[in-house]
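What follows is a single chain, given as C-alpha cells, in the form predicted on its own.
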Amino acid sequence: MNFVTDLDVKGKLVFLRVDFNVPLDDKGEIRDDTRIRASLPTIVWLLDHGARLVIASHLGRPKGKVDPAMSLRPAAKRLAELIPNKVVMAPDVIGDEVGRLKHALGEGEALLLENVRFYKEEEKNDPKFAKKLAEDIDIFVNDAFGSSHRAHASVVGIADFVPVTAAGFLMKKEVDYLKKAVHTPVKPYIAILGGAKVSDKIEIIESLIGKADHILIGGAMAYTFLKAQGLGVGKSLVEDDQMEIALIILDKARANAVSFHLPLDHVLAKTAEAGAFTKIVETLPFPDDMMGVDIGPKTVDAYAAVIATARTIFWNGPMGIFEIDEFAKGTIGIAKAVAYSGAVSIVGGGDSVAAVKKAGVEDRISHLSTGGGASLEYVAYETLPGITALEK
C-alpha cells in the first residue's frame, strides 16, 4: 500500500476521499469540526505539493436522494476558513459541470464535491458510478478511515479505475495504531467493550478471544450475558435471540484462558431518563420494574485494577447510558483508568471518545480513533474493504 508522501502529485488531478460527516445544528452550522481537522495534514500536504485536489465525502444518510439539509456546503465553508488555498464547492458529484470544474483547477486548489450519498449508486458500489468518479483522475488517496469499512464506490470501487492509489496521513495513523492491537499487542492486552448489543460485537469478541488477556464488558450488552446464565435482569435491555451465542462466547473464553469480566454491581433506574430514581445493587435478580443503566463503583474499581496491569488497551463502547450524566459515572471512571494506566491505549467509538474528552484526559490517550465501526471491524477482521482496495 502506497503512502501519499511516496507520490509525485505536482500538477496531478488527485481524488481524495475524506470523512467530513460532521454534526450539524438546526441552522445547518457545524457543531464539531474534528473530522475536517483530522484530514488537514493530508489536504495541506497535497496542496502544498501542487496537487489539483478533488475532495469527496458523505454526510448523513440521504439514502440516494438529494437532501439540502445534508449538503457539504458547510464543510466547504469551514475548510476554506482552515486553509489559505482556494476551495470551490461543486454543485454535484458527477456530470459536465463537475468535469469543467475539475479541469479548471490550478495547482494547490481544491474542489469539494457534493455529498456522494446523494446517489444511490454510491452505497451499492456501482462500477459505472465509480468509473464516473474516476474520470480524468490521476491518483486516488483514501484518508477516510471512518468510512473504510464500507464497500462504497468512492471508497472501494474508484480504486479499480485510477492508476495510482495511496493512503493519507489519517488512514496510516489509524492503521499503524490498530496493528498494535491486532498483530503485535504488548501483553497484558486488555479489551474493554461496551454498548447496547452483543450482536454488534460478536465478531470482535471472538477475534479477541485468544489475543486479549482480559475482556471487560459493560453497557447493556452485559445483561444479555447475565440473563443467558439464568440471572434476572429486570427491565434491562437484552437481546433474547443472542442468548445461545452469549453462552458460546463464555465457553470459548474459558477454553482459551481469557478472563471474561462482567459487572459486579449495577446502577439501576426505573426509567432511562435524567432525574430518575436510582439505586446500586450487587446481587441479582433485579427488581422487575428496574433496569441496569450503568456499572457500579465496585465494578469501576475492579475494572480499574485490571486496566492498571495493561500494556495494551483497546476500548470501544460506553459502560452505561452515557448521554445522561447520572448514568455516565462508570464510563468516566473507565476513561480515567485507561488514561492513567501507562499502556498504549486505543479508544474508538463516539461515546468512548466523548467520555475521554469529558473526563479531561484525552491528552493521555495514545490514539483516539475517528472511526468507531471501522476500528471494531479492523480489530475483528484485521483489514477493511477500503484498505484492501489500496493494496490491490
Ligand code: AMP
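Numbers follow the displayed sequence, beginning with 1. From a predicted model like this one, the values you see are computed outputs, not experimental measurements.
Beyond the structure shown, there is the form predicted together with the named molecule, which is absent from this document and is the topic of what follows.
**Q** Please check if Asp200 has a heavy atom lying within 4.5 Å of any heavy atom of the named molecule in the predicted complex.
**A** Contact check for Asp200: yes, within 4.5 Å of the named molecule in the predicted complex.
**Q** Using the partner position in the predicted complex, report whether Ile94 sits within 4.5 Å of the named molecule, counting heavy atoms only.
**A** Result no; Ile94 lies far from the named molecule in the predicted complex.
**Q** So in the predicted complex, is the named molecule close enough to Glu323 to count as touching (4.5 Å, heavy atoms)?
**A** Yes.
**Q** Within a 4.5 Å heavy atom cut-off, is Gly317 in contact with the named molecule in the predicted complex?
**A** Although the named molecule is absent here, Gly317 would touch it in the predicted complex, with heavy atoms inside 4.5 Å.
**Q** With the named molecule left out here, work out from 158 to 166, 279 to 287, 139 to 147, 213 to 221 which stretch has heavy atoms within 4.5 Å of it in the predicted complex.
**A** Selected stretch: 213 to 221.
**Q** Between the options Ile307, Leu170, Val293, Ala130, which residue brings a heavy atom to within 4.5 Å of the named molecule in the predicted complex?
**A** For this set of options, the contacting one is Val293.
**Q** Would you kindly say which of Leu237, Leu111, Ile245, Leu262 lies with a heavy atom within 4.5 Å of the named molecule in the predicted complex?
**A** Checking each option against the named molecule in the predicted complex, the one that comes within 4.5 Å is Leu237.
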